[in-house]
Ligand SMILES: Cc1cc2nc3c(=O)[nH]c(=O)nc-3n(C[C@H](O)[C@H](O)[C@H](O)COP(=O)(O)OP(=O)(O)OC[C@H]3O[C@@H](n4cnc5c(N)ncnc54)[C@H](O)[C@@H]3O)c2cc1C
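Quick setup: one chain, the form predicted alone, written in structure tokens, and binding and motion questions come after.
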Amino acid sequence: MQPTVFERSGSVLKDRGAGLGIPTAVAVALRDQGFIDDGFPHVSIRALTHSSVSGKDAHYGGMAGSVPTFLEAIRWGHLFDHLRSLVPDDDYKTGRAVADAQNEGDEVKVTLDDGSVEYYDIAVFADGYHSLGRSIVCPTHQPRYQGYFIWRGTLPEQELGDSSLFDETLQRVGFPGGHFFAYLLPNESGSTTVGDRDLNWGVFLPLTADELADHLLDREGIQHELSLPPGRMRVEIEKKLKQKVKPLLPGYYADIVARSRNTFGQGIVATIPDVYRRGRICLAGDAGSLVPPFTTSGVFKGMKNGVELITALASERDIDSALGAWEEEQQKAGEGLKHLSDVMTDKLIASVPDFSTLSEADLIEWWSAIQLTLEETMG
């Protein structure tokens, strides 16, 4: 196999402050398959604690308790940099956007945005939620806005004072129509030393389509389609969001949000295609199935798509038979992700309980449906 990567961005892709929580089993698989090494920066999460606003404890809220989990908190930029280092520079073409791809016999004709044409045995589109590949392979399955927004921010651990509340713990605060979460992750330099880390937080909030468009109009008057990077959100919108969130959170968490700077966010969209290839044009990652980030499935999905494609092509089948078998596996995985998304959207967005009124036994029963679905989806 002699892959060529066409990267539409002409600039160096940078960490935008986004943290990722990936299942520990996925992190182990990444390591075992040589995608990351033992020293890859991460912070382990072993518990999910759930609380809600409560008059009995206005500072920390009323806590139902914790449920066990196995997650690793990492930074998007660190993972990208590590994976990028595995691709020879001669095979990675920056600033070369693909404009079209069409099957021609047993090859794929790839047309670039400068008008040049190249031919390949297979074309794999891993070009994200707004995928050109998806519009070619299954144009009727475009992402649809789900009616809510994730507002995100970070705060240096040293500004927290005592950060023990987040030791190996993801804190989740529920409220009607959404929830807040926060956990520690490595800082931009990769340090996981206590006091050096960053607190990564996010709030899922309901927004109409018109409200979303207003939130995505940046400081320079540029309208963004789905997301804003750090430093681009209008000051008045950030202030409005802080005021909106304050009564939804216990004082401790509201203060974290209030003190965070250069917050950012994105609208949540989703789609599950019924096909993952057209001839020898294939979809991988968010270009294929696209589900909300709280499913913690993004890295798992991308790795599964890629590794299973390599495995299929390395078999003794001919290319077209191998791609057919690969697509069947992706369709099954997509159905599993759809079910996981439906369950978690109900539990964490549509029907969030008041955790301050739940016992730990109630919490465990509430969580069991999510946990079972997670295990079924991720194997």
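Since this is a predicted model, take the numbers as computed values, not measurements. Residues carry their position along the shown sequence, with the first being 1.
The same protein also exists as the form predicted in complex with this ligand; that form is not shown, yet it is the one meant from here on.
Trainee: Looking at Ser368, Ser359, Thr24, Ser9, which has any heavy atom no more than 4.5 Å from this ligand in the model of the complex?
Mentor: Checking each option against this ligand in the model of the complex, the one that comes within 4.5 Å is Ser9.
Trainee: Only one of Arg277, His215, His179, Lys301 comes within 4.5 Å of this ligand in the model of the complex by heavy atoms, so just point that one out.
Mentor: In short, Lys301.
Trainee: Kindly confirm or deny that Ser52, Leu165 and Leu248 each have some heavy atom within 4.5 angstroms of this ligand in the model of the complex.
Mentor: No.
Trainee: My question is simply whether Gln266 lines the interface with this ligand in the model of the complex - judged by any non-hydrogen atom within 4.5 Å.
Mentor: Answer yes; at least one heavy atom of Gln266 falls within 4.5 Å of this ligand in the model of the complex.
Trainee: Under a 4.5 Å heavy atom criterion, is Gly77 part of the interface with this ligand in the model of the complex?
Mentor: Gly77: no contact with this ligand in the model of the complex.
Trainee: Is Ala97 close to this ligand in the model of the complex, meaning a heavy atom pair under 4.5 Å apart or at it?
Mentor: Contact check for Ala97: yes, within 4.5 Å of this ligand in the model of the complex.
Trainee: Check whether Ile364 has any heavy atom within 4.5 Å of a heavy atom of this ligand in the model of the complex, and answer yes or no.
Mentor: Looking in the model of the complex, residue contacts with this ligand do not include Ile364, since no heavy atom lies within 4.5 Å.
Trainee: Considering this ligand in the model of the complex, find the one stretch among 239 to 247, 292 to 300, 154 to 162, 188 to 196 with heavy atoms no farther than 4.5 Å from it.
Mentor: Contact criterion met by 292 to 300 only.
Trainee: Could you list which residues of 187 to 223 come within 4.5 Å of this ligand in the model of the complex, counting heavy atoms only?
Mentor: Read in sequence order, no residue approaches this ligand (within 4.5 Å, in the model of the complex).
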